[in-house]
Ligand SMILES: Cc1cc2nc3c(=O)[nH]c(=O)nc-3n(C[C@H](O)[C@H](O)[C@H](O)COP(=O)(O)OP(=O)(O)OC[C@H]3O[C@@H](n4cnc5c(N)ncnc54)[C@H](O)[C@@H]3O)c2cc1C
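The chain that follows stands alone, in the form predicted on its own, written as structure tokens.
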Amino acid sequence: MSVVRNSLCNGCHACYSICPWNCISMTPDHEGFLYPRIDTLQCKNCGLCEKICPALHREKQKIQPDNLIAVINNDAATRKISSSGGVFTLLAETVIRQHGAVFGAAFDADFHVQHDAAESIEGLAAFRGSKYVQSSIGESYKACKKRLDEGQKALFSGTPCQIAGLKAYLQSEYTNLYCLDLICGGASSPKVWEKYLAYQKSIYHSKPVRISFRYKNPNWNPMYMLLEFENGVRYVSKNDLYFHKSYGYGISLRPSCFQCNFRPVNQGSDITLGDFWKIKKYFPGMYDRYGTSLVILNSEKGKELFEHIKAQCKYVYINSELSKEYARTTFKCFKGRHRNRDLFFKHLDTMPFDTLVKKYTDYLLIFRMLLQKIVRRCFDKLRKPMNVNTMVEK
């Protein structure tokens, strides 16, 4: 028995965390995604899991495009090892210095992705850098609530659906909680990630000791995948042909990602972070090889937290016209499932990973994407140029 049908469930762990009888377990399906399963013998039919499920009860708030900011961390060393502009580190360090805790996605010893907590600046290193795999929340919602109830500050970072799950679980607002969500392109299967790692281990005959999905080699764009192995081998690949490709095509994403009701709107987060991919076009002075963050301040708490880091950044407030234009192209989800998705997962256990990806990701999709890009560029040239006057502060 489940709480909500699989096509809608985002695996946020809210129902698992709130069940007073501990009769809900998060169980992987054949695709490797976690879903809640109810032990009907233990269930008391209190209905609490259905009452708070964010997939069943969504409170949508529009993103405020007037609050978009392009931001660069002044510390080049931190920015180089971050996914984009190094803003998360500054925000998290602020909370740590106020004797708070930070929750985020981290690798465990076997490079599975799970949420964890840090209460020291050194502990933040585990959260730095994007992980294109759905993390397991585990007991993080409960641990966060415990700290909040004790009066400690907390910063919780995650995907929009994970923030929605946390808010649903807490059932009340906490003034000492900061929520930070990410501009999400979808959640890839943990099982697909494990198959990819197994494939790489078989090729290089060693275990990985370091992984970066967004290795700056030396540039922020295009993306590089880095794996360093125990035997000293380094795998560095531009737009990795296997895992990055399966993710980029949307073939390895969770079913609910194709009808996501969380990304286009604010789920109660105070700050939204992402990459400002078009920064070179709009603000050349804010572009260099180490990356620039797109920051969206969704609440007064978010604005307050940003005030604490302004002295350590270079930033540009983006005017309303450009903000709305950028928001329209940024907050989009995949339109429909990849046509080969079911075949991809059907053969995930039986076919070599490289062969699997090559077989079920097609060049016709690339052609369509390139055609759409060309059409957009032609349309942009025909449009009246926008006024992109901005206020720059350092």
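Keep in mind it's a predicted model, so treat the numbers as computed, not measured. Just count from 1 along the sequence shown to find any residue number.
There is another form of this protein, the form predicted in complex with the ligand, and it is not shown here; the text below is about that form.
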query: Options 300-308, 159-167, 194-202, 144-152; stretch whose heavy atom lies within 4.5 Å of the ligand in the model of the complex; finding: 159-167
query: Heavy atom within 4.5 Å of the ligand in the model of the complex - the one residue of Asn176, Asn319, Ser237, Ser130 that qualifies; finding: Ser130
query: The unique member of Pro255, Gly123, Gly268, Gly185 whose heavy atoms fall within 4.5 Å of the ligand in the model of the complex; finding: Gly185
query: Joint contact, Phe88, His115 and Gly274 to the ligand in the model of the complex, by non-hydrogen atom at 4.5 Å; finding: yes
query: 4.5 angstroms heavy atom contact with the ligand in the model of the complex for Tyr247; finding: yes
query: Contact of Ser293 with the ligand in the model of the complex (heavy atom, 4.5 Å); finding: yes
query: Ala105 within 4.5 Å of the ligand in the model of the complex, heavy atoms; finding: yes
query: 4.5 angstroms heavy atom contact with the ligand in the model of the complex for Lys314; finding: no
